[in-house]
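Before any questions on how it binds or moves, here is one chain, the form predicted on its own, in structure tokens.
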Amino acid sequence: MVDADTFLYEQLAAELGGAIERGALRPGDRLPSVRRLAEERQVSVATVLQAYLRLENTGLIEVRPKSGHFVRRRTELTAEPRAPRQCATPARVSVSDAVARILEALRDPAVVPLGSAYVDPSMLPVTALNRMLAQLAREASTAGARYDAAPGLLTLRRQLARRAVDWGVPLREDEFVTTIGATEGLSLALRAVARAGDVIAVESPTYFGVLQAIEGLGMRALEIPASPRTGMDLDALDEALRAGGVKAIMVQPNVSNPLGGVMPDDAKERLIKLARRHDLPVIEDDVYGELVFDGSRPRPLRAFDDDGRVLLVGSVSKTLAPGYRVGWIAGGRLHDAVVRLKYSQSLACPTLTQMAVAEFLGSGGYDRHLRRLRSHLAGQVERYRDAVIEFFPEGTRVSAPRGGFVLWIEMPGGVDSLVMLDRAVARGVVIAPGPVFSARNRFGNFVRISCGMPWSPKAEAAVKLVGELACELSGKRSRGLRAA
């Protein structure tokens, strides 16, 4: 009996392993549950468990807690994009024209939106939120008849204070100001800490919305190299701060955009010490903090701040409902300044959408939704990453993000991603070219693509098209073509 069982589990492991090697089972695919596969193959549960254990030990599959067994990503291409060189001087920002080209192209509903970092509506509880919104509109019939001026809706701020406990940040409801998405929160934070002409230290690469905010306020950006794994290079930051002239630090330590890295806790502590030594405020963009694939919730920088110098910005735009435009800022010792700036900038946020988000956060459904969303996104990122490895030119480097849903891709020299954008748009696909993630328009041969759209033949065709364009511009073949 033992010999028969041994033969069965080895045979099953070999069969599944062969399917993985042939590509019939692809990175990110979820394998059948142990019980389901046992029933389908008419073998014991122990046999399936032994087969899965063998595949796990050989590195072909991995176990995700409470989610099941999944095919691991390929290992033949593990190189991640390289960090840029340090910039010694700040620069005026000029990314808005290129960003406008991306946003204008995204207005066409027929294009495949690889350039837009948003989650597909099918993965968000928008229907449930809309029902709550409709019910609230009926029950609170006068809710929209007056301004809900800063600091914003009390019930929402109470829910945020409760969630902050899970973040490891003891914030009170009166420490939050609600904003029109994180975009307004970042703008308020910049206005609170600096003026036109001042220098803001930023990660390089960094989210183009940060650069647009700096550009719009007439400030300058000093780019600090960032690692795809651990975020901002603190040795480079230390050197820049010693040189003087920096007015504030803006950073995204938890699942940075576009790199997907998470700064370790000891590095967060060091960053706060550097800021304290030079008496600088820190603006923390935490919009992706809830989307780490392994289900952990990394502590924000604010958790290591004991004197209120961190301005913490967040929103539900990446996790719940981007169209509701519900965000927040905890301004620390600059709270009063943020409230005054909110009065002058937009006075108040829409009341009903705040009410609906507060209701959803209080219902207990948000955490269940986050668990499902993280699992889906982890699988999607694996599929997109595998397609990039297959279809992009030899020599391409691609990030392996810890969370979120974007990939940062370094292509061979000779590829101009702005040219690639124009050619892709002409064929129905939008990408985000590298130069919009730099104040100095660096990263010409880089591109960011979003994995927020569920994997499908349409998504695969779009990634393949972008890969073919990269091959044309670089003069190199793809790995898939070489294998064929």
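We number the residues from 1 along the sequence you see. Just so you know, these numbers come straight off a predicted model, no measurement behind them.
Beyond what is shown, the protein has a form predicted in complex with another copy of the chain; the following relates to that form.
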property: Residue among 409, 156, 180, 291 with a heavy atom within 4.5 Å of another copy of the chain in the predicted complex; result: 180
property: Residue among 308, 225, 365, 350 with a heavy atom within 4.5 Å of another copy of the chain in the predicted complex; result: 350
property: Segment assignment from 235-243, 390-398, 117-125, 79-87: heavy atom within 4.5 Å of another copy of the chain in the predicted complex; result: 117-125
property: Full three-residue contact with another copy of the chain in the predicted complex, heavy atom 4.5 Å, for 130, 150 and 184; result: yes
property: Contact label in the predicted complex: residue 97 to another copy of the chain, heavy atom within 4.5 Å; result: yes
property: Touches another copy of the chain in the predicted complex: residue 325 (any heavy atom, 4.5 Å); result: yes
property: Partner contact for residue 103 in the predicted complex: another copy of the chain, 4.5 angstroms, heavy atom; result: yes
property: Contact of residue 145 with another copy of the chain in the predicted complex (heavy atom, 4.5 Å); result: yes
property: Residues in 214-238 with any heavy atom within 4.5 Å of another copy of the chain in the predicted complex; result: 216, 217
